[in-house]
Ligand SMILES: Nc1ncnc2c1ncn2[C@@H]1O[C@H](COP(=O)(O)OP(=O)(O)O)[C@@H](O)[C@H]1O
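Only one chain is shown below, in structure tokens, and it's the form predicted alone.
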């Protein structure tokens, strides 16, 4: 039986002090994501999607409700425990990659393992394996400034999964990319999901990016208002996404 990697129950995030107007960034949100799913979260600016991602990624704390990640209730953890949990169980693909220019491609990818004091021989083996899987083994000794945008993306993806996280998170990962590099990154994420069964949760404004997901949750005013599942070709799913975005007055429709 497939295990839940995310189980969120009646989660709310409330902003505003004792004598201030209270605003719900998240309002009674519940959903489950099982291992191996590729889920997108969509909604207009200010809808709550980034707050939801921040709560799931342990960067923010829910005001109410329960957040279970890979079987662990993160709402009951202290900040030191959360940092350790984040480092071991979560992988992140950032919009601008966040690679360190003074480290080689190999050492950038090795960083999550080095920070966990994994033995050097094991680091070498894991980095070699993930670089071969993503087709960047020949770049090991190069520096980020000397490789192409697509190669930097794959390096960032390799760093995000080298420690075998329970969950890979992306916050608008294609937001700063042209259409060619956006497609390259999305194909990489699709490959990781389909061939390695990596669970991926991605926040995006962009219908083209979202069409790579298998399931999409739409959020409006802090509430989950609709869910759609891809049953056929990606092209028809893209059109379905556009229809929902138009229904809920949301943002961009293509990957320019």
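Please read all numbers here as calculations on a predicted model, not as lab measurements. Positions refer to the first chain, counted from 1. We call the rigid core whatever largest set of C-alpha positions still superposes within 1.5 Å between the two forms.
The form predicted together with the ligand is left out here; the points below concern that form.
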message: With the partner left out here, check for me: in the predicted bound form, does some heavy atom of residue 44 sit within 4.5 Å of the ligand?
response: yes
- prompt: Using 4.5 Å between non-hydrogen atoms, is residue 48 touching the ligand in the predicted bound form?
  reply: yes
task: Consider residue 25 of the chain shown here, and say whether it contacts the ligand in the predicted bound form, taking contact as heavy atoms within 4.5 Å.
output: yes
- line: Only one of 207-215, 64-72, 50-58, 188-196 has residues with a heavy atom within 4.5 Å of the ligand in the predicted bound form, and that stretch is 50-58
- request: Determine whether the C-alpha of residue 235 shifts by 2 Å or more between the shown form and the other one once the rigid core is superposed.
  value: no
